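This document starts with one chain, in the form predicted on its own, laid out as structure tokens.
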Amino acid sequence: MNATAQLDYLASLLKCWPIKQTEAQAWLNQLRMQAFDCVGTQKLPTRRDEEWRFTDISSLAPLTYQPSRPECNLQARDLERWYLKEAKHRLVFVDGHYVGHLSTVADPLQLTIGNLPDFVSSHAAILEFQLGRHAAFDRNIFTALNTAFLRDGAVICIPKNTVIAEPIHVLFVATQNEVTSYPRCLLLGEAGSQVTLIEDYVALSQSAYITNSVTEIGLAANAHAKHIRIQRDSPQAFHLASCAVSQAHASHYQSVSISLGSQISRYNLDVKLADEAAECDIDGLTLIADRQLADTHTCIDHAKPNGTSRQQHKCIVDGSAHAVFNGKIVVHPHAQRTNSSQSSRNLLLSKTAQVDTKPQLEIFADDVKCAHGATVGQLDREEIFYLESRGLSEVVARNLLTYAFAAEILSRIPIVSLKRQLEQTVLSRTRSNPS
């Protein structure tokens, strides 16, 4: 991630990357060049930057990981454990590159779904209007790098008044060691549409690598989207991600994000309720141990009246791990009758675990209902004693209470097979010894 090396490599890559300069595709090359220019004007954030003061990513600076190569020898059997039986549509990207023979699109005529290069010409008008317009890269070097390297990416467009009952699974698989991958995802829901998107990051080895991902979601009037995001990268990896959501009139965005992997992870979620009566529900769970660092930053931006938002984020931290949560809610002067609530609850399982939580409300309207709260603590001794009095050992009592703390967030996931996978992961992670 050495900035100078990345910039030099990127400059040479942009000159030779085989994206034809047709009239329909010129906008994409222009977008990449704009992002390239922004990379050159920015630096890696440090703890001196307010938004990064709890998260030290200085260990990224000396790394010279080159972009991943489009090489894939995987077969379907290698990924079966990650497949979800409920998903009719599956897009698979290996080290950031699309793999067609591992992907499945059941109804290609019903909706636009596939890899970005396949739609650059045929859907140029909508892609030019949407791609790179929600996730700003002028003040985020990681988003700028992702956009400058933009080539493959998941594109999902749900037509007007179309309900996609089965979830769409976008699976990003990491296999290469000491590389940087740039996953990209664009979800567009037209008026009255409904969809469930599963954005899933997994690793097939314990390799060290960098994942720098960007997701953009645009919802038209009365569109509904459920967005399930799972990060279970290698414990040696670095995961840097941004998601930007724009909501039109009476649209509804529901998000559940689960952070389990990576040595250092950072997830930025920015939701803009850009029109009246928009709603969003944001749930998050961070489960880390050892010396992991997981940072979640969210911003819910109420720009118009009658908006509703609810957020709950939980962290379970063991060993010498460090969790960070910064949740900002902004209510603009004309966003009257906003109803917003935010909760940050954090559980420390060891004496060396650490949590920094910072809920924020910035309210510039007077007719609103807004509330927030944060708690940091350990397992309740009285609850442990109660379970022991019912015949459970202390270890089992602690495990049960820890799992129950996480189960509330997992219950928000509507896909049964995925929820069971995650329940097993949480159960295995929350087995502990008496403290």
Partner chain sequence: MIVENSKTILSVQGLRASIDGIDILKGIDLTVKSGEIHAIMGLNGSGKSTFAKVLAGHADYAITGGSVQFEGKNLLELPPEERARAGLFLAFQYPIEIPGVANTQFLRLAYNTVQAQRGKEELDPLEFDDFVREKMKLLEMKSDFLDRSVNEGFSGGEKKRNEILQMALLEPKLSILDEMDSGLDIDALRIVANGVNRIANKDNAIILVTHYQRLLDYIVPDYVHVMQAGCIVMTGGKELALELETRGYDWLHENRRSLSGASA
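Here the structure is a predicted model, which is why all the values come from computation and not from measurement. Numbering follows the first chain given and starts at 1.
A second form of this protein, the form predicted together with its partner chain, is not displayed here; the remarks below concern that form.
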Next on the checklist: Please tell me which of D37, E388, E51, D56 lies within 4.5 Å of its partner chain in the predicted bound form, judged by heavy atoms.
Outcome noted: E388
Checklist entry - Which pick from L410, L400, V376, L63 sits with a heavy atom within 4.5 Å of its partner chain in the predicted bound form? => result L400
Item to check | Per-stretch contact check against its partner chain in the predicted bound form, the hit in 42-50, 27-35, 392-400, 368-376 (non-hydrogen atom, 4.5 angstroms) | outcome: 392-400
